[in-house]
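Following this are structure 1 and structure 2, which are two forms of one protein chain, each written alone as structure tokens.
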Structure 1
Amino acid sequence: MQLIDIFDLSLIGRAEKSALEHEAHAGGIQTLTFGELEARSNRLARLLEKRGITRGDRLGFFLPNRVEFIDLFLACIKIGAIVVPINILYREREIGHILTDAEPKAVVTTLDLATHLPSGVASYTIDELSSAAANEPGNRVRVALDGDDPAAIVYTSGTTGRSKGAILTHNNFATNAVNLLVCWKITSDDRYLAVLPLFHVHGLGNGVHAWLASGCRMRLAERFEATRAIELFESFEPTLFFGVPTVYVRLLEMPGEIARRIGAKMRLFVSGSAPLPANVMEEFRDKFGHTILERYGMSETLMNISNPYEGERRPGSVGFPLPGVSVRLLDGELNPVGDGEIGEVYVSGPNVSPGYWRRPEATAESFVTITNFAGRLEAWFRTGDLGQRAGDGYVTLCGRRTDLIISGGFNIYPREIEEFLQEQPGIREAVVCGVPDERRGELPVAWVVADDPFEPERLEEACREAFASFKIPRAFVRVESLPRNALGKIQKHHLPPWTRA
């Protein structure tokens, strides 16, 4: 089965139903039915074939959130072309690496963004494509595809080196969509407010795919804007919202009366792409009347673990493995760790990427072979994330393996300290990293976003009361903001350097 077969439940089965609201270029809100989206994408598919885009070819998407992104995505999966989404915040050097690696036949972009493409790159503007496609037939284009055919190549953020292209198949995406609909009770009655970038798997593989598979109604915004949040929520009255922690921090700025009014219409708030601080979760519940559902996924695996829809959504925890997804916490020798102990998270299942595009060495490094209970060898993906499992099965993430600080032979897990600091009065955000030290190997240092008055001595005293001496940050560096990528993940390698006074 191809991915489009799941979407046909809406594109064909709900053809007359209103599907999508978006801001038209001429102004005002335009509404499209699922049948209109079907025809629009069919026309684009025929045009792409005329321009030589066929099964297995890559097509770069350097586009902001707009309905034509969705038209183009549907057209590509219908003809078997492989979508290569590109972060619109990237510039020529970063884009050049992706284009050299993926070798797309062309990049589809806008006039404004085209100026950031490397010279000589074959490109189309989405407006030109859409205009030309209007003259093509609107009936279905279908190419025989296997579920293991690639649907997209999604490039990682590259925080530890050159970004790698994770191959995501039709089966990967289909498995993910079905899991979300079942486990989060997403139905055609929902109203989904989409503010996350479609170039990321959170916005595309979770948001758009859940919308298309369920047949609910979606309002597509170009981006999340805190100044427009009240207007968007109150005009569209969503029941379903996917966000990242920084978005929820901004939503907490809403007046209490408006927050309660919005919460009364909502069914489910979901958070991912970065750890959700427990205090944000608690404040949000008090203000909006909803407990945010936190889950855990990656570009290479889509969704792995989720707090339950029914049952306890435990602060700080990401919950239980999703159906069909197997999770193991292993030590350095690939032995299982006990409950309450910290191990690296390994994942296996139909959601997991088959590997990295044209990077056999990176693929080999990221997968290990483990014998299952029947004695058969299985490939497990090494996430690089550390976690611990409670006795009742809830999984809590403890940070990245590469973030682990080893100071004088002791292991320090930054997230433990970060969460504590964010509980302190006046501290809005905190991140802890290891800095080199001749005597102890590494020392923990905290970077914080803080209100006035800023009193590092008070923070140090609080840490001394809460932690062993080796965990106490050697400095508290105040910054205006923490460096983040487009989805809100903190990029520690961009923090300002710290040197001893």
Structure 2
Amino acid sequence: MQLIDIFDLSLIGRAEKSALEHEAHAGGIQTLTFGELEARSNRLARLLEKRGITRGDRLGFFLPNRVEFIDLFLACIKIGAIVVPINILYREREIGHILTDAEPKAVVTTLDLATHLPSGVASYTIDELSSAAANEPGNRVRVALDGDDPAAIVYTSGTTGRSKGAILTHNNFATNAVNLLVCWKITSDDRYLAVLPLFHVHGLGNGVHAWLASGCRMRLAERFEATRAIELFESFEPTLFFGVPTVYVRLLEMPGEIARRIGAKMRLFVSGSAPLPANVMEEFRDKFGHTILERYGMSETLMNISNPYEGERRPGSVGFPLPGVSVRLLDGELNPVGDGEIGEVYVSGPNVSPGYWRRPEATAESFVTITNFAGRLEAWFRTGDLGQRAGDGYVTLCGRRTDLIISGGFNIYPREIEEFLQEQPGIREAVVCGVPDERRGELPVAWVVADDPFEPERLEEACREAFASFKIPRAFVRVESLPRNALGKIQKHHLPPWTRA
């Protein structure tokens, strides 16, 4: 089966029904039917083929949340082109790496964003593509694909400093969408409010795919803006909402009466991509009258574990493995730990990426082989997250093996920033850690050993040119030396504390 086959339940099966609302460029809300989305994406698919993009070719998406992102995504999965989404907050250094690694035939972008692309990159603007496609026939384009054909390569920041592209197949995405529909009871009666960026699997693989597979109605916002949240909720009256914890923290700023009114229309709030603090869950329940359903996933595996729709949504826990997904908590020797003990989370199932694009070593390091009950070897994905299972099966995550920082639901790998800081003149050593932040979960802060003159503003400026805004350290703390253990390894927990001025 191809991904398009489950979307056809809506694109073909619900052709006349309203599918998508979005703010039109000319102002006002435009509504498109599933049939219109089908025709628009067929036209684009034909145009892409004319421009020489075929099965297995990569196409970079450097695009904000717009209806054309969806047209182009559908066009690619129809012809078997592989979507390479790029975070629109990324800057030249970050984008350059992805382009070198994925080697897309072209990058599709907007006039505004095009200025951030490295020079010499083959690119199209989405507006040009869309107007050229208008002349193409709108009937179905179908290329025979296998379920294990890649549908996307999603870049995750790597522990080695440079990001790696997790390959996600048609089967991976299809499994994920079917699981969410069943387990979260998503149906064509739902109204899904989409505020998360479509360049990540949370917004795309969960949001867009659950919408297309269920045939519900979606309102696509360009991004989440706390100041516009009331207007969005009150005008669209969603029943279904997906957010990262930062989004829920911001929603708590709403007046109680409005929150209750919004809550009365809602069916399900889901949170993921970073740990949801128990106090946020409690305050949200008091204010909106809903218990947020927390789930656990990652780019490499899509969704793994979810609190139940019916039954207890346990604060601090991510619940039970989703259908088809096997989860094991293993110690350093790959032996299962007992209930209540901490182990590393390993996952196997049809949701798990086959590996990293053109990175056999990184792929080998991220999978282990375990003998199954029938004596056959199976590959299990090593998540890097630590977890424990309660006697009744609820899984709770309790830290990471690697030092990932999650800020506002965006992943930051300290190594990437540390390596860059050490390239700067006068910087001898640098270490980056996450400090707790009520709104964004964590914020990156840098500790540096530096020569005179020490100019933190210059460091900040250099970072701002090289990195997405969420990766820029909020402070550069100068220290005489970095705390190290006898083996010379930096002991981050012995750094002098940083407090906001």
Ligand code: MLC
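None of these values were measured; they are calculated from a predicted model. Here, rigid core means the biggest group of C-alpha atoms that superpose within 1.5 Å across both forms. All residue numbers here refer to structure 1's sequence, counted from 1.
- One of the two isolated chains is the form predicted on its own, namely structure 1.
- Superposition on the rigid core between structure 1 and structure 2 places the CA atom of Asp57 less than 2 Å from its counterpart.
- After superposition on the rigid core, the Cα atom of Gln424 is displaced by 2 Å or more between structure 1 and structure 2.
- When the larger rigid part is held fixed by C-alpha fitting, the smaller one turns through 152 degrees between structure 1 and structure 2.
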